[in-house]
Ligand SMILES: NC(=O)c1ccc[n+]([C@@H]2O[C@H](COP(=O)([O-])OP(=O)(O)OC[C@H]3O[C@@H](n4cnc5c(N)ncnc54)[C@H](O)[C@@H]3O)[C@@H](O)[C@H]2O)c1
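Single chain ahead, by itself, as structure tokens, in the form predicted on its own.
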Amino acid sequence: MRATFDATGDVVVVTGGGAGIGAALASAVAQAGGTAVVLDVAPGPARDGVDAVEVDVADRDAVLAAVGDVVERHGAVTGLVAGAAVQPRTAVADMDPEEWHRVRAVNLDGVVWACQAVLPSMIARRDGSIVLFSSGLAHMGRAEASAYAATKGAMVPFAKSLAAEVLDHRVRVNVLFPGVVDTDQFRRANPGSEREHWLRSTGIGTPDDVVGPLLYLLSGAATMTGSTLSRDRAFPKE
């Protein structure tokens, strides 16, 4: 990745980076010369170029404190990828308030708290990139995915509104639709025949397949804000 993207001096916060797409991105940022800081309830071990902090993104105070510590130890945050999410499979008729509130707290509130945490240093340096994840389910819907789809559906209008707020500070806010990606979360939400459906209809990518678009959106080459980038299909694996 270093040959294409140079992250030297960058400090990128990745929520939900303990596994899947976020973990792949954190490694790529480190390989490109930057520092990645993973915030996750299960962040995994720290390694060269990757710091690991145990944080529940639904806890605003904990997120603000964690990012404040990042700034003290590593310097101003240059990028945020807000990838933390939960995806239960529950019909609306069976959903209890606790589950609904948890999905909203992680998938939506957690994005807001992460943005609040990184914006001061980005605004101060008049530069920064925030990337949020939406999902095709926000458009299509699916049985037993109402809570996840609803929170992911909020990402585009939230990003466009935030982008307008921080435009004069030269902070970019964009949304990535990563497509169908083979992660542990995807497998839990799509067992057996459902996984085969996605394999036939769109193909299933790997976390590494999403790293390139994310590095692009984090880089200065992505000269847009309030925009969406979509990976609609995956290349067949050879």
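In case it trips you up, residue 1 is the first one in the sequence shown, and so on. Under this definition, the rigid core comprises the largest set of C-alpha atoms superposing within 1.5 Å between the forms. Note that the structure is predicted; figures quoted are calculated from it, not measured.
The following text describes the form predicted in complex with the named molecule, which does not appear among the structures shown.
Note on the partner interface in the predicted complex: the residue among A147, V77, L162, V106 having a heavy atom within 4.5 angstroms of the named molecule is V106.
Checking V180, V175, V50, A28 for any heavy atom within 4.5 Å of the named molecule in the predicted complex turns up a single hit: V180. For V86, a non-hydrogen atom is located within 4.5 Å of the named molecule in the predicted complex, even though that partner is not displayed. Contact between D56 and the named molecule in the predicted complex is found at the 4.5 Å heavy atom cutoff. Not displayed here, the named molecule is kept clear of A46 by more than 4.5 Å at the level of heavy atoms in the predicted complex.
For the chain shown alone, I21 is a contact residue for the named molecule in the predicted complex, at least one non-hydrogen atom being within 4.5 angstroms.
Here the chain stands by itself, but in the predicted complex one stretch of 28-36, 165-173, 64-72, 181-189, 181-189, has heavy atoms within 4.5 Å of the named molecule.
The three residues R60, V112 and G128 each lack any heavy atom within 4.5 Å of the named molecule in the predicted complex.
Although the named molecule is not shown here, in the predicted complex the stretch 101-140 places heavy atoms of R102, V106, F133, S134, S135 within 4.5 Å of it, in sequence order. Annotation: Cα of R170 displaced by less than 2 Å between this form and the one not shown, core superposition.
In a rigid-core overlay of the protein, P45 has its C-alpha displaced by at least 2 Å between this form and the one not shown.
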